[in-house]
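In the form predicted on its own, a lone chain appears below as structure tokens.
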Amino acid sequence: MDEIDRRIINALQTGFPISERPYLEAAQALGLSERELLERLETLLQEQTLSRFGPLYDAEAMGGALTLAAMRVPEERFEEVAGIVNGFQEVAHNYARRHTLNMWFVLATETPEQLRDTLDEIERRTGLTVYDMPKITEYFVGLKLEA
């Protein structure tokens, strides 16, 4: 990663223009052409320096639902269960943990009703209990990772 990539990553974490040509506007603020910005973002994604580039939506404000869930997965079934859980388009993140509850994932659905249905379906397909840990209070941390 060179200095220009660092500037792109650091700048675009704290805001992205909402306009007819947002990439052009962002590129101009960085002293780049629109094409160069798009090519650099594509390269950062292809090289997996970035895992994702896109907006974060407040699913609950849009009528959806979110929850953090955990499972106790026998080690010998971990990969199998991870494949089942990751096969649900509603699963946003899935992490292995060194804990009795060794699989943690975030679930986002279009409606609150779909959340319970999806948790139930994961339990049915894996044969394992899913522990639902819904958000009680939301905090805005403002996380920014310096490149």
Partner chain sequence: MPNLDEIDLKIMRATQAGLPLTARPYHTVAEQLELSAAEVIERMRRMQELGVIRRIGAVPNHYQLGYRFNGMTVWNVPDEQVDALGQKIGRLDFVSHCYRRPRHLPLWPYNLFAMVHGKSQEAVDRQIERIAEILGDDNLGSEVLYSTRILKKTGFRSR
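Residue numbers count along the first chain shown, from 1. Between two forms, the rigid core is the largest collection of C-alphas that superpose within 1.5 Å. Nothing here was measured: the structure is a model prediction, and the numbers come from that model.
FYI, the form predicted together with the partner chain isn't displayed, but the following is about it.
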{"property": "Partner contact for Arg77 in the model of the complex: the partner chain, 4.5 angstroms, heavy atom", "result": "no"}
{"property": "Distance check, Leu50 to the partner chain in the model of the complex, heavy atom within 4.5 Å", "result": "yes"}
{"property": "The partner chain contact at Ala29 in the model of the complex, heavy atom, 4.5 Å", "result": "no"}
{"property": "Contact of Glu113 with the partner chain in the model of the complex (heavy atom, 4.5 Å)", "result": "no"}
{"property": "Residues of stretch 31 to 69 in contact with the partner chain in the model of the complex (4.5 Å, non-hydrogen atom)", "result": "Glu34, Leu38, Leu41, Glu42, Leu45, Glu47, Gln48, Thr49, Leu50, Ser51, Arg52, Phe53, Gly54, Pro55, Leu56, Tyr57, Asp58, Ala59, Glu60, Ala61, Met62, Gly63, Leu66, Leu68"}
{"property": "Per-residue C-alpha change between the shown form and the other one, Phe16, threshold 2 Å, rigid core fit", "result": "yes"}
{"property": "Large Cα move at Glu25 between the shown form and the other one, threshold 2 Å, rigid core", "result": "yes"}
{"property": "After fitting the core, Leu68 CA displacement of 2 Å or more between the shown form and the other one", "result": "no"}
